[in-house]
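Okay, so here's just one chain, in structure tokens, the form predicted alone.
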Amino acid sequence: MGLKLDREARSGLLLVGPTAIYAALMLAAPLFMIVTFSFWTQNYLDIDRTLTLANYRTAWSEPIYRVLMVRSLVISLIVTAVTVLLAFPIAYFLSFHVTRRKPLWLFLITVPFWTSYLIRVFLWKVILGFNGVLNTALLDLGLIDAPLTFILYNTNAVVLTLAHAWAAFAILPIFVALEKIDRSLLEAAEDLGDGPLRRFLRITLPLAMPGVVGATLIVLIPTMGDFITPRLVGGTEGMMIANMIQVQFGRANNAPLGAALAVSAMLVVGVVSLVIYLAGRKFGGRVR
């Protein structure tokens, strides 16, 4: 029996080993390097490897970095809320009202995401531009007298573009969670006199919370670190902490400070994600 267990253990290690090594090399090693780098200092091309907290003091004491960190978190939370709120009805419709060809519907949802992320951001820039598709259409219809200027190069454009970019990633986990709900629970609640809204609040929503939490984290974490979208459609008002990190690693030539900002952003989004996970887990257990 012991020999059999040893063989099973060896087989498991052989299966998991390559994946674990790949994850360590591609994820853990770069993360360790960034954390280590954040405790060093740089003077142009010279790296001082003396451990110091100076970069973190700068990251948390300078007003510009605090403003960018707060703005990035607020934008990410707004994008997450908008995306999940719009994704839930779509996922609900697919799960409860589409009885045939569900794979085709899911396929159609993912079709827009076959194109490059960069191209999709550029397209939003074309749509929202001063002489873009939206302004031209509104002018031709006589709904406005002059092109709208508040829809591009600000926070609104960043939120709109990011919400569209991550829509499918929010729909799919919610759809999977809704598909797992035992329909007999809803039938029992209906037999006991619960209306549609009460059934949704007491059964459907709590049981769908794992998917909602998953969708929330899938959207929140990457949007906090997005720098392409703010750079292309955000302007100065939509600049986020990731853009400053890019500047520190590039033109400012201060990689240790950029690393400290990156680690600080990871800690902030980690704490927020943990709070969301615990809140969703608590609410998800409240099926009454």
Partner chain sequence: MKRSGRGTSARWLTIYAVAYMVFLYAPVVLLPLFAFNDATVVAFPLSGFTTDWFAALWRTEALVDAVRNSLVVAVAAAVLATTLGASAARAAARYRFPGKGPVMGFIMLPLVLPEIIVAVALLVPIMQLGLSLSLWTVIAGHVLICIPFSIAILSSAFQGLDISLEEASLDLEESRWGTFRRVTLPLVMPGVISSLLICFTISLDEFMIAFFLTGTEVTLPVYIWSQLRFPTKLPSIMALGTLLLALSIVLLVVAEWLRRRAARRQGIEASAIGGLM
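Being a predicted model, the structure only gives us computed values, none of them experimental. Between two forms, the rigid core is defined as the largest C-alpha subset superposing within 1.5 Å. Positions refer to the first chain, counted from 1.
The following text describes the form predicted together with the partner chain, which does not appear among the structures shown.
Residues of just one listed stretch (69-77, 142-150, 200-208, 90-98) have heavy atoms within 4.5 Å of the partner chain in the predicted complex: 90-98. Proximity to the partner chain in the predicted complex, defined as a heavy atom within 4.5 Å, singles out one entry of Leu185, Ala81, Val126, Leu138, which is Val126. In the predicted complex, the partner chain sits within 4.5 Å of a heavy atom of Ala20. Using a 4.5 angstroms threshold between heavy atoms, Pro30 counts as touching the partner chain in the predicted complex.
Within 4.5 Å of any heavy atom of the partner chain in the predicted complex lies no heavy atom of Leu257.
Ala54 falls outside the set of residues with a heavy atom inside 4.5 Å of the partner chain in the predicted complex. Shown here without the partner chain, the chain has Ala242, Ile245, Gln246, Phe249, Ala255, Ala262 in 239-263 lying with a heavy atom within 4.5 Å of that partner in the predicted complex.
With the core held fixed between this form and the one not shown, Gly17 has its Cα displaced by at least 2 Å.
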